[in-house]
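Here's a solo chain for you in structure tokens, the form predicted on its own.
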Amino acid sequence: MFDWVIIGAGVSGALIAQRLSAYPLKLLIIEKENDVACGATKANSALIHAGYDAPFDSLRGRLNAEGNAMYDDLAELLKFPFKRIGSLVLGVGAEDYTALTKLYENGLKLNIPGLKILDQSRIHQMEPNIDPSFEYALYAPTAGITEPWEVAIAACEYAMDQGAKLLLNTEVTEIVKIGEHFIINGAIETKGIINAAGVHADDIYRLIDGEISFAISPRRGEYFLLDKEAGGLVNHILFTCPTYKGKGTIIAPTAHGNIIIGPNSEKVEKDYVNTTFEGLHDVKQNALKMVPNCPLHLNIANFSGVRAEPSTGDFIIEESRIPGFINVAGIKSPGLSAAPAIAKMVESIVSDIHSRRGTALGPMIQTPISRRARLHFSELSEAEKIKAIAQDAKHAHIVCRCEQVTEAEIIDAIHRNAGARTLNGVKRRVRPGAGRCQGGFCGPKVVAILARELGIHRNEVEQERKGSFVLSGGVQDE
């Protein structure tokens, strides 16, 4: 029997698992996809918001402010990329100035450090490529960029290193409570459940409570990703003024030197992540209003993600009326920014439940030990590269020329806990296929490495979700 089952291996579920793995608990993470971070966590703006936007008296506001401040230590512990580059919300005219002032005042109530409203000359010094009509901006120096999928992957890996279990390709279709315990899918017994199922959190809760008090209405956001040649276009995260639909279009550097542009915001069905001409056109027009010379011809990928819009208007993080069942639902933006604080809050709820049961959560198992960092061959000096090749000759085999990824890096990504099992899973972890050619040259090589390391035929290697086979028919092993 497990002490806790966490449903959903997105960034919230993963960080909850990582935090609880510090205690002597039997933990299981259940994920319906064939990898972690396959939902909203893999397809969003990848921003750590400073925290001035969500209302100061909301859970979203409080946890955004708290979560942002936790990222430096968390990045050091889990070894994922994180850079504080600051953000600018751009405005023109009296209406925008009023909106920026409200954001500024809200941020002060949340104790967001360093907020300033800058004048026209200052913002154009900071961002020479923005449209000259912008008159002012709200500057937030603590905003940052990261790789959200790597945060989740690192957290799951860390939790598994501490003894947690991960069960992939498992959709939760039945939850029954018998006495003080839960039975999931007729086979998995646990003392408690943490529901972190993203856009399906209401569906999961409905399995145990027919009188559910909230609903999730997904909203899709579509994006452009520009080649690294566009690097330097902007120095900070640029926002337009927010509207009722969200924070508006952003233009921002990514953690690896690309430029990301988006999103829009449209109501869709759950898991509907198609991109559309109309949606991308809107994103494009909004981007050109901010940066008229935005080089959209350097686009190398378009994608979309679906975020969980709760009927309550705020995060839902609480023990439900079913004792031992915790909902972590409606985690829309700034969910990534708030995720470390969400995990801390859930830890407190779990502790309270254990105290009520008379089974204290107990002391932490050990002083936290940092996750083993990935070796990024492309970032090494020549001397370091020679040393790495001497230690593992497979570093001499460059698989992805665009991103300078070696065979040794790919093998390591496959064999870690929570390791890659798909072509996109390898891409998310160590970036083959993330460059200009988008896997056109390295893709077949990665497929061959996956097949060899997993002991499967190349026809069985999947692109992403279950059944998305890269190859079909007539393929022979070398």
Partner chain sequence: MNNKYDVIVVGGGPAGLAAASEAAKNSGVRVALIERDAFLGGILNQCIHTGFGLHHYKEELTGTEYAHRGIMSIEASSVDVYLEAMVMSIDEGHTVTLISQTLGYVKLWGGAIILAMGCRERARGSVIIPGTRPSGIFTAGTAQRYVNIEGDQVGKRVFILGSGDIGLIMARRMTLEGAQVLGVAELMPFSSGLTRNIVQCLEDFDIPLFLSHTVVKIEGETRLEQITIAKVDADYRPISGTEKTFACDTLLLSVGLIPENELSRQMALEMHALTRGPVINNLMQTSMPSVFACGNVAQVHDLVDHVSEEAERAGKHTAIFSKTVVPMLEKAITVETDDAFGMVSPQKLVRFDFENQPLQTAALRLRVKKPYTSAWLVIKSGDVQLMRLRKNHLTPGEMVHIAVDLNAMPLESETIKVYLEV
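Positions refer to the first chain, counted from 1. These numbers were taken from a predicted model, which means no experiment stands behind them.
The next section is about a form of this same protein that is not shown, the form predicted together with its partner chain.
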Selected contact from A255, A301, L168, I85, since only one has a non-hydrogen atom within 4.5 angstroms of its partner chain in the model of the complex: A301
Which listed residue (N129, S217, Q404, N106) meets the criterion of a heavy atom within 4.5 Å of its partner chain in the model of the complex? Q404
Heavy atom of E211 within 4.5 Å of its partner chain in the model of the complex: no
Contact between F441 and its partner chain in the model of the complex at 4.5 Å, heavy atoms? yes
Using heavy atoms and a 4.5 Å limit, would one call L25 a contact residue for its partner chain in the model of the complex? no
Is M70 one of the residues lying within 4.5 Å of its partner chain in the model of the complex, judged by heavy atom distances? no
Exactly one stretch in 180-188, 269-277, 198-206, 345-353 has heavy atoms within 4.5 Å of its partner chain in the model of the complex; which is it? 269-277
Are there residues in 415-440 with a heavy atom within 4.5 Å of its partner chain in the model of the complex, and which are they, in order? K427, R436, C437, Q438, G440
